[in-house]
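Quick setup: the structure tokens below cover two forms of a single protein chain, split into structure 1 and structure 2.
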Structure 1
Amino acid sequence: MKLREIINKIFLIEIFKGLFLTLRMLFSKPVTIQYPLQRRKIYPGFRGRHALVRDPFTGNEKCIGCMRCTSVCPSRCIYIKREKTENKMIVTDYVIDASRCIFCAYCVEACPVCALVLTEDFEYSDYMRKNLIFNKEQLLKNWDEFASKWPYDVYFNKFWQPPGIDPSRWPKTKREQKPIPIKRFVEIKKEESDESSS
């Protein structure tokens, strides 16, 4: 064994092994994806740009201003301004500082009415930090953008439901969560019903 080690050392066997390995790699197929030209498939549960879901029937945000997302957010980057009326909470502004967000999606899990999504949109870099602080209008617009690209009629994110927790412990709204119809689908439905009624 000792002699073998000496021979290995003198003839640089390990270095030659390494050289052979890299030479073999030289002729194998590269794994690069030429990004702007080719794109890779986005997996379900991908956490991209934030969006507030727009209720397809009323056109307003679904958020009820319960503040759960704010309290669960580990980086404290959600700010909600709300006003109380006699029977309803009105969210006047809803701000997410995406430059501080760590994309843990706790906010998405915590929301009882599934009003918040991390969309699959990842191309939103900007030169200004200011532009990465999304207010309510921007968040709703993000949703519109995302929905217009979404190929199906309904959207449902299975990560809305906290994994590993027994469904019986989820809030009722969460348990009974239905996939959200996309606006354009709703409009088509509406037109159809208009036509049939007229």
Structure 2
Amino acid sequence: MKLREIINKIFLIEIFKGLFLTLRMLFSKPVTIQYPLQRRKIYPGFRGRHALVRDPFTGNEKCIGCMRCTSVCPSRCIYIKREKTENKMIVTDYVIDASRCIFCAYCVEACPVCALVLTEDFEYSDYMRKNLIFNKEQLLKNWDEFASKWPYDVYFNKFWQPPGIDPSRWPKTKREQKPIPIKRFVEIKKEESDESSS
């Protein structure tokens, strides 16, 4: 044992260093926040609860049932049931098991019509696994809830046009995708609910 180590042990130098660090942290600015009273700012591209985007003018889902999201999903948590009627593919059911999802957003990037989105809603935890399996109606409802809370007039997801890929390789519908007018969609839904109630 060296002389310096012996002196450190005799005079309890390491213990005094630890006590000094504790004393210094008592008077420093806290780094924690009091959630849920205080909330952090959510940055663009946050990957939260899944939603199927509605067409703002027709009110139907934008999904065309091309199955690209299921083929790129590494956790295999997306299930699509579709049928062809009058030369048009109709999605009859769209299921996402959020408890298996790893939130990589590959499904959002691969969608050629920008019909899928990971919203900024992160407060949807549940004790029952079946409540984290979203079907088509629930995914559209997730979009309605997200759209009603969205503070801006339009919405455009960061992953709809992923950086690093030559835009000429994107499908035409993805290249020409414009921000979705949220307020118009909310107003249409409000008008429909007013008409049904009267």
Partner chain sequence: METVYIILITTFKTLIYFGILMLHVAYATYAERKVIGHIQLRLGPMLVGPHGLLQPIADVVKLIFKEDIIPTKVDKAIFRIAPLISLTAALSTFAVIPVNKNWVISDINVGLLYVIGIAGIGTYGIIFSGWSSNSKYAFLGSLRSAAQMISYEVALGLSLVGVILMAESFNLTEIVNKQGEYWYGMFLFPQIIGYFVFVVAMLAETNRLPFDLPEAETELVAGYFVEYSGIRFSLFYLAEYLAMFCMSALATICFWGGWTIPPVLLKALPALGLIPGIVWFLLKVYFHIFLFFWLRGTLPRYRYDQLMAIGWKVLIPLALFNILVTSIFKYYL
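A quick note: this is a predicted structure, and the numbers were derived from the prediction, not measured. Every residue number counts along structure 1's sequence, beginning with 1. In this text, the rigid core denotes the largest set of C-alpha atoms whose superposition between the two forms falls within 1.5 Å.
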query: Of structures 1 and 2, the form predicted on its own; finding: 2
query: Yes/no, K17 Cα shift of 2 Å or more between the two structures with rigid core fixed; finding: yes
query: Per-residue C-alpha deviation between the two structures [N8; rigid core superposition; Å]; finding: 5.6
